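Below you'll find only one chain, the form predicted on its own, shown as structure tokens.
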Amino acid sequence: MSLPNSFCHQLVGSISQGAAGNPTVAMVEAAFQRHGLNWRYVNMEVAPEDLAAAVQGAWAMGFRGFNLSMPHKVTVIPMLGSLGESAALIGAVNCVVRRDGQFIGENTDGKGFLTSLQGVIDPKGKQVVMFGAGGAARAVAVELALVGTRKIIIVNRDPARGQELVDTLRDKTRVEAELVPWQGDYAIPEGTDVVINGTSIGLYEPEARLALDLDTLKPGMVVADVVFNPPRTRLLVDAEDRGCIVVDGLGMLVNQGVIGVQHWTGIDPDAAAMRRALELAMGV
């Protein structure tokens, strides 16, 4: 008796809670198809209490790796063999790869953003203002610090959470880090090269406004958003109107996928083909 076709594929997956409609499936599978790989990217909804069993099952079934979304990014860590440098500093894993006889946890969130940012500016030696101190902001800040950003100002409404990120940056990297409590419209200080929205403000809400003084955005300043839907958030529209160079969150999502495919397969996938598939899946 022959095996079902699905058993003939190399498998990677996405382990999430509420996985329906994940547009990254189309993006990753577009990379496999573009490069003639007989691989599948399988979307799996897993409850928190079933995560350990899911990881064991992925290993037993020969998965080459998988992505993780919240709330699994932190709780998966004890279930893995080791962590990459960024994942260890960030304290979260969003990409797992089978390597050297074990599952290794990586974090591609910040790396994906960094790749997009480096397309318009080298952050080494620059001053950055970062809104937020949650998972995405933390990942981005760590990657910026590791490539030599001079100073990162964390603007956050929760001082304790913001200070935790600042302390991590100061203790584990060489970057100068500062916390500013977010109260009212924040004025971007002189000497700032890059402004980043690391919060979820604007996600699926095109008119949602980030509380900052738009008059302090200067022509030539780089303004980036981790929000991927809509790709042109109100922040980016307002910044572009003031002569800023803008970086959307869709590029971050694509670059995360590119890095994941590199981890799993060892190839450098076609990022343009992946972005086209993602845009089609999202209807943008």
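Residue numbers run from 1 along the displayed sequence. What you see is a predicted model; the values in this text were computed from it and never measured.
Not on display, but discussed next: the form predicted in complex with a small molecule.
Chemist: Of the options L203, V175, I104, A88, which one has a non-hydrogen atom that comes within 4.5 Å of the small molecule in the model of the complex?
Modeler: Answer to the contact question: L203.
Chemist: Consider the chain as shown here, without its partner, and state which of D122, D213, D158, E207 has a heavy atom within 4.5 Å of the small molecule in the model of the complex.
Modeler: In short, D158.
Chemist: May I ask you to state whether V223 is within 4.5 Å of the small molecule in the model of the complex, using heavy atom distances?
Modeler: V223: no contact with the small molecule in the model of the complex.
Chemist: Given that the partner is absent here, does G134 sit within 4.5 Å of the small molecule in the model of the complex, heavy atoms only?
Modeler: Answer yes; at least one heavy atom of G134 falls within 4.5 Å of the small molecule in the model of the complex.
Chemist: If you check in the model of the complex, is F32 within 4.5 Å of the small molecule, heavy atoms only?
Modeler: No, F32 sits far enough from the small molecule in the model of the complex that none of its heavy atoms falls within 4.5 Å.
Chemist: Does any part of Y41 reach within 4.5 Å of the small molecule in the model of the complex? Heavy atoms only, please.
Modeler: No, Y41 sits far enough from the small molecule in the model of the complex that none of its heavy atoms falls within 4.5 Å.
Chemist: Decide if the three candidate residues G13, I15 and F66 all line the small molecule in the model of the complex, where lining means a heavy atom within 4.5 Å.
Modeler: The answer is no; none of G13, I15 and F66 reaches the small molecule.
Chemist: 142 to 150, 126 to 134, 188 to 196, 75 to 83: which one contacts the small molecule in the model of the complex at 4.5 Å, heavy atom to heavy atom?
Modeler: It is the stretch 126 to 134.
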